[in-house]
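As structure tokens, one chain now follows by itself in the form predicted on its own.
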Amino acid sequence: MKTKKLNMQKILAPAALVILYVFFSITGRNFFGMDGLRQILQSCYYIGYMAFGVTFVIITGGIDLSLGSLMLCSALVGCCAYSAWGWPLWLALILILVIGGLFGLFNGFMVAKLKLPPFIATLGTQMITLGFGSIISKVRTMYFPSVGSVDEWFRSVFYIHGQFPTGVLWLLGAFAVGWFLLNKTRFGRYVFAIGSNEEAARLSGVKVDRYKIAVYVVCGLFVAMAGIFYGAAYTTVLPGKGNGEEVNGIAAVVIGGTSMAGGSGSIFGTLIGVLIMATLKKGLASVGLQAHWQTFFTGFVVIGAVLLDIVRNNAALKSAKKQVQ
């Protein structure tokens, strides 16, 4: 019985993705086909990286509200280094990763060492990064290289080359890295252990604080990658923006089946959640509904996913009590 329940949980999100795609293929205009599929994939880029990163955090029972602001902050600082300070583009991209990693370290330190609730700690970081990007850029709009510029390779490598969405290859690479870390390493095993029972993990010898910090650093690096792909997609980075984008990343994780209570989740499920959100965005546009309808319907989907998670956890708790009795 337990195996059947687990299998149902694994196929629910992929089944929802297939149903959505078929529905919009029938009802939508210009949805079905290679162009529609390419637009869906392109919508996954920066949201996917944020979602992969915060999956690790949520599995430990934490949360990161600084995803969107950190993504734009790291992109803005890197872009400022390139366009205002005259840094080579490759060095500016490294700076973006450094910014993401340092703020991830900052989040992890506050949560693990200062014992701040993750909600409060990352909410503070959200505001800090919003201000930091504006301070560094002097509240000026920054621009990444576009087609026709000296460094036009940037957009071709990270976004689209001709008609081929090159960003898909990077996203699949990030998925592979995230899957490997979570499923094939000691780090991944300890992430699940901390989320399942932090005190038990501590008593068994796991250096919980160290691994919590590492989880937020990993999240910060993934978010920095999201900043790179955001810059490749839009080329323009505005100061003070990004607040609210974290909702998309967290929603994709929840829709993909990762428990907000911690202890369970998967990178594959998160990828499916990202694809569901991208399909919903493209599909609603294909039936003539504007972008705000995506936010409206995504809210219901997230609520449904959380309710399902609660039902699942309650069922597991009841089953455990019966076994004890």
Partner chain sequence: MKRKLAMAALALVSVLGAIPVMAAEDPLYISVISKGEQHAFWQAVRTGCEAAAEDYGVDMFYYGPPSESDIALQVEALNTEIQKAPDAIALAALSTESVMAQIQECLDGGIPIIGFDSGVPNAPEGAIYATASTDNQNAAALAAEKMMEEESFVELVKNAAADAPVVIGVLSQDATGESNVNRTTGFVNKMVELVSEYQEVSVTGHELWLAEKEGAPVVINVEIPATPEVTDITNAANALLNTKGISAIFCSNEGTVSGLLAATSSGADLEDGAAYGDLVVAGFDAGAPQKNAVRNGWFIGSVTQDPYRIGYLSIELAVKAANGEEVEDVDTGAQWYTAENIDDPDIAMLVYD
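Fair warning: this is a prediction, and the values are worked out from it, not measured in the lab. Residue numbers count along the first chain shown, from 1.
Form predicted in complex with its partner chain: not shown, discussed below.
Interface residue remark: residue 236 is counted as part of the site for its partner chain in the model of the complex, having a heavy atom within 4.5 Å. Residue 62 falls outside the set of residues with a heavy atom inside 4.5 Å of its partner chain in the model of the complex.
By the criterion of a heavy atom within 4.5 Å, residue 261 is excluded from the residues contacting its partner chain in the model of the complex. Using a 4.5 Å cutoff between non-hydrogen atoms, residue 143 counts as a contact of its partner chain in the model of the complex. Of the listed positions (170, 82, 211, 159), a single one reaches within 4.5 angstroms of its partner chain by any non-hydrogen atom in the model of the complex, namely 159.
Heavy atoms within 4.5 Å of its partner chain in the model of the complex map, among the stretches 109-117, 203-211, 251-259, 226-234, onto 226-234 alone. No residue in the set 97, 134 and 138 has a non-hydrogen atom no more than 4.5 Å from its partner chain in the model of the complex.
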